[in-house]
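What follows is a single chain, given as structure tokens, in the form predicted alone.
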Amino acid sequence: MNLATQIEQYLPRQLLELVKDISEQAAEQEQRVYLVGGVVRDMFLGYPNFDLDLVVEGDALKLAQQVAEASHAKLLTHHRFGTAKLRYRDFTLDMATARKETYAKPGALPTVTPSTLNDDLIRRDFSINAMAVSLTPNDYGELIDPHQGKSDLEHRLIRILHPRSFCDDATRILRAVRYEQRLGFGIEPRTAQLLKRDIPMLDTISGDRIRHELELIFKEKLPELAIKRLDNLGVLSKISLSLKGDGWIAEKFDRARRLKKPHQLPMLYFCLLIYSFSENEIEQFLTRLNTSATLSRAMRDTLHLKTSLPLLDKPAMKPSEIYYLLREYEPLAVQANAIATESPIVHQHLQLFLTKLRYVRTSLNGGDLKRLGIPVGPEIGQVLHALHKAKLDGEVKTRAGEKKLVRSLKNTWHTC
């Protein structure tokens, strides 16, 4: 099957010209270049995907260096795996030497050696990601599909390539579900049996790699679908017995998306995912996933703030009271609780903090107070606090109003 016409129609002109230039450079060096993996899959499905993967039967690192110099791309190389990433303004391009993988033990990172395209394809996770298209001039556009990936696409199936696939790399369990839910496919029956058999193999996977797979799920359009499926399969409980993928999660994830702050979503999803955890459970989870200090604090703060929400469930609270209750918490933790709470009053107070109160600043600073006659020492801090509190509560609104309050406080102290 030849896909030359489809490639010409699918890729933007700039990207198409770059790919052709790469293949011509490779051919001059008697090397072959192939378009592989997700872009081939998505081209058949009609989905845009312009972050390309190229496999080189030859020396991908040397070729990538030449391409980067000629096209002024930013280049990042990984010599251990024979891979290179070229970054352009509107897309990225990954190049890899065709390689064979061996696993010293289940869950370990593979040992890679240069090899052929066929060896490179069989090391991949699923048949739909194990297709390639030749970019070499003499057979440009030829589909290489040794594992019937196109047939599985047509039958809407996620299928592994060999029975030990999940044993070698149990992160493929999470990826199988991610692709299944993203594409609306089903996991092929034998693959489903092997997936359930090998769920215990997740214990062989480092926390960093499991966290990375969850982060990829959280970048999906509707991650709650994958979370629910992982829960039903018993995968979530293998990561943590406390994780749930129920209707509550689906509702709260949907509310998070309505904020229209996509850069916050992955961390916000994590905070909502652990909302039912106890203090011991969250510490075990953070240790298991080896989370960053920033994410760890956001999740811990989410649970700590949750226990303090009754203090915010009072209609007549002053803005300053709300502010001083919340100022020490990570804003993401405040946002997670605003999404999770069932109390309209608490929600209103949390949103007031997020949208207004945390941005309130006084016009006067310590230098201004000294010029107004406030002595250097603890008095300056006390006056700044009083000014900030008054501004939060709307008692002063202008710089002149702040100065008037400072003089009033100063006169009060002198009177005392």
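All of these numbers come straight from a predicted model, not from anything done at the bench. Residue numbers run from 1 along the displayed sequence.
What comes next is about the form predicted in complex with a small molecule, which does not appear here.
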In the predicted bound form, the one of Thr83, Thr171, Thr291, Ser320 near the small molecule [non-hydrogen atom within 4.5 angstroms]
Thr171
Listed residue (Asn129, Thr341, Thr97, Gln181) with a non-hydrogen atom within 4.5 angstroms of the small molecule in the predicted bound form
Asn129
Even though the small molecule is not shown here, does Asp301 get within 4.5 Å of it in the predicted bound form, heavy atoms only?
no
If you check in the predicted bound form, is Arg175 within 4.5 Å of the small molecule, heavy atoms only?
yes
is_contact(Glu57, the small molecule) in the predicted bound form, heavy atom dist at most 4.5 Å:
no
Would Asp125 sit within 4.5 Å of the small molecule in the predicted bound form, counting heavy atoms only?
yes
Which among 274-282, 330-338, 163-171, 189-197 is in contact with the small molecule in the predicted bound form, heavy atoms within 4.5 angstroms?
163-171
